[in-house]
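Heads up, the chain below is alone and in the form predicted alone; it's given as structure tokens.
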């Protein structure tokens, strides 16, 4: 049975992270429920995934509103109506305005396909390859008004291999996004992670560095890792 921790998911695209959340809840690996799925694109496959899982889905298209502020107000009014404990931006491709960020401070997270603060914005895999880095990965962070600049909660790393192209690297990172999302959501749902005015708190203590994913089921504090 799904738990009482309520998640709203914002997605613009295919919804693979959403599907990972749905599957984990169904399998009893995440004690939460998806209260609603929301998108800026009526044709987003994420909404189809929501319908197939019996989850309420809603699209609020910017073109149906006279300006950005009125559109985003309408979107977040629908989100608020399902009373989520957490808003998860999972492949949501728009910046979120200051009013919504302020209203949901500490209750909205985003997954980004890079090891932040490196490679913010779009085309992160291309950026990583052009920079010649040895490691790439993904990050889960609290949402602020700064693009991909909010406090980082957790990260998962992958090696950049000789001969990698964007597609191959992207697929390898995506394979880590799903377990990173689920492991972090388990900690959030359990109340072990929260955002204070100055830091990400983990079990009541400031987190000195992002949690690191070492397996599909467990996040470890980086300062406790063996060399």
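Positions refer to the first chain, counted from 1. Just so it is clear, the model here is predicted, and its values are computed rather than measured.
Not pictured, yet referred to below: the form predicted in complex with a small molecule.
A.B. asks: Checking a candidate spot here: are 92, 96 and 144 all in contact with the small molecule in the predicted bound form (at least one heavy atom each within 4.5 Å)?
C.D. replies: Looking in the predicted bound form, the three residues 92, 96 and 144 all sit within 4.5 Å of the small molecule (heavy atoms).
A.B. asks: Using heavy atoms and a 4.5 Å limit, would one call residue 111 a contact residue for the small molecule in the predicted bound form?
C.D. replies: Output for residue 111 is yes: heavy atoms within 4.5 Å of the small molecule.
A.B. asks: Could you tell me if residue 117 has a non-hydrogen atom within 4.5 Å of the small molecule in the predicted bound form?
C.D. replies: Flag for residue 117 set to no.
A.B. asks: Are any of the heavy atoms in residue 122 no more than 4.5 Å from a heavy atom of the small molecule in the predicted bound form?
C.D. replies: Judged by the heavy-atom cut-off of 4.5 Å, residue 122 is in contact with the small molecule in the predicted bound form.
A.B. asks: So, residue 133 and the small molecule: in the predicted bound form, are they within 4.5 Å at any heavy atom pair?
C.D. replies: Output for residue 133 is no: heavy atoms all beyond 4.5 Å of the small molecule.
A.B. asks: Check each of 101, 129, 86, 80 and return the one that places a heavy atom within 4.5 angstroms of the small molecule in the predicted bound form.
C.D. replies: Checked against the cut-off, the match is 101.
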